[in-house]
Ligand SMILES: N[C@@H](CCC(=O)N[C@@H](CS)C(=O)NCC(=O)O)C(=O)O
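Form predicted on its own, single chain, as structure tokens, below.
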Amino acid sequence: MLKIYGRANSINVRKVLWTADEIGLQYTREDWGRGFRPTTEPEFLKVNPFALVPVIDDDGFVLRESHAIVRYLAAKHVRTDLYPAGLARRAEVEAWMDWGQTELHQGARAPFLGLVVKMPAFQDPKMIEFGIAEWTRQMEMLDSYLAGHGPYLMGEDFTLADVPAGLSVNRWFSVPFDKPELKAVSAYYDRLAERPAYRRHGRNGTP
């Protein structure tokens, strides 16, 4: 059986949980990371020497990195609706996933860790302000794109492209700061919430 290592409130672990539920997989999960057993313990380092979650053990095949994991799971279970077989469309999905992990996520880091986690290293108001400005800029671009190309990032089809973005959108609405009105993003958020797996692992009250 598939085993997932990582705390269920980690945004990267939630990508794996959401994807696994979309596919309909059975799995077990162990809490590791902030607030639980530290990933620096020897037991965890045997699984992932980089000391980060998530990690999966799929009947002896061990894999780290959330985006690699979700692509592997979708490909293994031939979910071409989530991860297209055609090279060009698959590359588009991967491009959105990369954007969700880099540009979209980078701005969110300081506001989330400063305002929600209250991490001491992220209490500089200027750092938080800069993060909010960059996060807002990326969200406004997302809003513009969805307004013209939605309802999902790949048009009419929900795919893995929506997993990183969908969790960042949930975080956007959950972190307390003044936000512009983004009608297309709000509609996207509501549409994602029609999916049971997103309600379990995305829009579930956890930033």
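One-based numbering along the sequence shown. These numbers were taken from a predicted model, which means no experiment stands behind them.
Beyond the structure shown, there is the form predicted together with the named molecule, which is absent from this document and is the topic of what follows.
- Residues placing heavy atoms within 4.5 Å of the named molecule in the predicted bound form fall in a single listed stretch, namely 50-58, out of 50-58, 175-183, 154-162, 135-143.
- For the chain shown alone, Ile11 is a contact residue for the named molecule in the predicted bound form, at least one non-hydrogen atom being within 4.5 angstroms.
- With a 4.5 Å cutoff on heavy atoms, Gly150 does not count as touching the named molecule in the predicted bound form; it lies far away.
- Residue contact with the named molecule in the predicted bound form: Arg203 places no heavy atom within 4.5 Å of it.
- Taking non-hydrogen atoms only, Ser66 approaches the named molecule to within 4.5 angstroms in the predicted bound form.
- With contact defined as any non-hydrogen atom lying within 4.5 angstroms of the named molecule in the predicted bound form, the contacting residues in 22-51 are Gly33, Arg34, Thr39, Ala51, given in sequence order.
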